[in-house]
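Single chain ahead, written as structure tokens, the form predicted alone.
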């Protein structure tokens, strides 16, 4: 009962937040000038018809309600800059698998390495292994992903020539060729995630290893390894697993800069291009804004709810 009430409250707050963000972005982007219809040439009639449907000649607030009406039907209009006359929803769907692919690969690399390094650092606390891992974690957490992009491109692609600097998307997002040319981008996305998982795992496991119930388990005859595997790891995963779950939910969020740097034709690159266009491609911008906003808010809710599912002692919404 408490959990259901908590979920309902969080969903209501999410919808309100989502509505405010989308409305603010819509109003701000609509204050920019539209492209004169004459510049579209042979596509002029298509563009004008869709503008009429979406109410471009109406006041902004009426345009927003009309935008919501058609957005719920999957109609976000047509591109007026990047892919003139094409349905933005169809272009978005075609590019989404590339974003999902590069982020799925990076997560599957990050989770075992991050957890493994965190476990080693916690077990070898205050030893040289712990100091080495902790120093590396602080460095990798502090550096933005696009800096990794420059380093990886220079060292691995140009100097050592281990990988190609740009992705080859000719065979689809899930082909081996795509994976092979995605490796530099996957590494760039993985570094900060590995450091984050290692930091949280070390902190939680170090605290559990010094708890009273673990000392009691040792006095009852369990070896250090048995006590760590049976009790310490199990309890330390309670706050860490929701973090992993949140990463999986957020995989479609993509990486705006990394996709641009390695020419991955995903929704992140599409978002950047829609903003960089002069004037911006309004319909692509709004579709990407709706998508990223929803993914971010929804991931937060799932992470919070998962605490109560993983550990029944945590009663979300209870007083």
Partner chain sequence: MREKYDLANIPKELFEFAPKDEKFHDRKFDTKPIGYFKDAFLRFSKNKASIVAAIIVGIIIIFALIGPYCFNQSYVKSYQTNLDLKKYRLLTPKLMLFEGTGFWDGTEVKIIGDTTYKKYLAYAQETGYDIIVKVIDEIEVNTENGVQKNYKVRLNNYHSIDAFTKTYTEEQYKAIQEWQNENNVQLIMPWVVYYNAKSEVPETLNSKVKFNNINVWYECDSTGIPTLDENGNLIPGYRVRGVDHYNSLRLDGDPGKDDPEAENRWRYALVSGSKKNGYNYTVRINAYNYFEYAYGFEPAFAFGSDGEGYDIFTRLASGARFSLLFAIAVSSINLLLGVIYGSIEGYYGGAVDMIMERISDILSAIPGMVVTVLFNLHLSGTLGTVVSLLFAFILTGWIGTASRTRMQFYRFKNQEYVLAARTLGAGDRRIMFKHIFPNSLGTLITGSVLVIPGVIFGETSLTYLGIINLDSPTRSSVGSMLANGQGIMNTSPHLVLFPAIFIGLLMVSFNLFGNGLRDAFNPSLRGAED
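Residue numbers count along the first chain shown, from 1. Not measured: the values here are computed from a predicted model.
A second form of this protein, the form predicted together with the partner chain, is not displayed here; the remarks below concern that form.
Under a 4.5 angstroms non-hydrogen atom cutoff, the partner chain in the predicted bound form lacks residue 301 among its neighbouring residues. Heavy atoms of residue 282 reach within 4.5 Å of the partner chain in the predicted bound form, making it an interface residue.
Put simply, residue 154 is close to the partner chain in the predicted bound form: some heavy atom of it is within 4.5 Å. Among heavy atoms of residue 20, some come within 4.5 Å of the partner chain in the predicted bound form. Just one listed stretch, out of 154-162, 179-187, 113-121, 96-104, contacts the partner chain in the predicted bound form at the 4.5 Å heavy atom level, and that stretch is 154-162. For the candidate spot formed by 7, 11 and 305, no residue has a non-hydrogen atom within 4.5 angstroms of the partner chain in the predicted bound form. Contacts to the partner chain in the predicted bound form (heavy atom within 4.5 Å) from stretch 284-304: 285, 289, 292, 293, 297.
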